[in-house]
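In C-alpha cells, one chain follows: the form predicted on its own.
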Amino acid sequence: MIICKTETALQLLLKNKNQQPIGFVPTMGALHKGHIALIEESKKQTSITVCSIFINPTQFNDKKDFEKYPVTIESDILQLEQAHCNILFLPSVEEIYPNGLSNLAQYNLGFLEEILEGKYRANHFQGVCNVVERLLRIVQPHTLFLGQKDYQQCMVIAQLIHLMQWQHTLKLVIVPTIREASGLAMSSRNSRLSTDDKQKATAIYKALQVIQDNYKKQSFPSLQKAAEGILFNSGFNKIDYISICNADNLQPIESYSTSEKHVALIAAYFGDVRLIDNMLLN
C-alpha cells in the first residue's frame, strides 16, 4: 500500500495508473470491519482502491465530540494493508482546506438538512459536503463506497453528486451495515464504550428489530414508544429521535403502506457516546 499525504502526490500516482477504474472509500479513521467491508467491495468492483483518513473538523457541531474522536492511525494502516488497499490518502487540514475553515461553500440540501441528523447536528451535513466534494475532486474516482449505517449521510452525498452534476461519471455504492455478533452496528464510537456498555448498547438494534417485526400490525406511535422503553431500560440516557420514514426521501410516515419502502432510524446517547443505527423494514 502506498501512502500519499498531498493532492499533488496522489494525483501524480493515479495519473500513472492508465485510467484504471478507481474506487474510493472516505473515512475518519478508527477503522473497523465495517470500513474494511467497503474496501473489500471496492476491490471487487474496481482496479484501484483509494481510502482516505481525515477527521473533518467542519462536520462536528460539538467541539468535545471532535476532541474525543478516536485516533488509531497505526492500527488503521495495518488493517488497510491486510485488506490489500492500494492507496491511503492521509491529508492534513491545510491540504483539504487550503483557504482556511471560514467562508466555506454552502449546499442546497433542502429537507435532508432539516430532519433527523440535520436537526440535531447543526451544519453537520454542510461540513460533510465540503470535505466530500474536496476529496472527490482530488481522487476523481469512478465509484464511491459508503456504509448504510450512515443512512441519511448517504442520501446527502447522493444529493451532493447531483448538485455537482457528477451522476453520469461517478457511481455511488451503498454497502449494508456490518454488525458485531450481538447485533450492535460497528462504529468508531463503539471504542469509547466498555465491554459491558457495548452489550447494553445492543438495545438500539433490539429496538429496531421490534419495529421491523411489528410495523405492519401496530401503530407507528406505539412502536416508537416501545422502542423508547427498550432504550431507556437498557441504560440509554437520552434519545434524539426514533423515526420511521420513507426509505427513498426520509419523509416521516405515520402508518404502514404497501406502496412505499420504509426505514426506521434511531439516534440515542449511552452516557456521552451518541450512537446511530437504522433498519430497512420492507
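Heads up: residue numbers just count along the shown sequence, starting at 1. Everything numeric in this text was worked out from a predicted model, so none of it was measured.
What comes next is about the form predicted in complex with a small molecule, which is not displayed.
Asker: Is the small molecule in the predicted complex near all of Gly34, Gly147 and Met186, within 4.5 Å of a heavy atom of each?
Answerer: Yes.
Asker: Indicate whether the small molecule has at least one heavy atom within 4.5 Å of a heavy atom of Leu38 in the predicted complex.
Answerer: Close contact exists here: in the predicted complex, Leu38 approaches the small molecule to within 4.5 Å, heavy atoms only.
Asker: Consider Met28 of the chain shown here, and say whether it contacts the small molecule in the predicted complex, taking contact as heavy atoms within 4.5 Å.
Answerer: It does: once the small molecule is placed as it appears in the predicted complex, Met28 has a heavy atom within 4.5 Å of it.
Asker: Flag Gln152 as yes or no: does it have a non-hydrogen atom within 4.5 angstroms of any non-hydrogen atom of the small molecule in the predicted complex?
Answerer: No, Gln152 is distant from the partner.
Asker: Considering non-hydrogen atoms and a 4.5 Å limit, does the small molecule approach Tyr69 in the predicted complex?
Answerer: Tyr69 belongs to the contact set for the small molecule.
Asker: Out of Met164, Leu193, Ile178, Ile77, which one falls within 4.5 Å of the small molecule in the predicted complex, going by heavy atoms?
Answerer: Looking at the other structure, the residue within range turns out to be Ile178.
Asker: With the small molecule left out here, work out from 79-87, 105-113, 201-209, 139-147 which stretch has heavy atoms within 4.5 Å of it in the predicted complex.
Answerer: It is 139-147 that comes within 4.5 Å of the partner.
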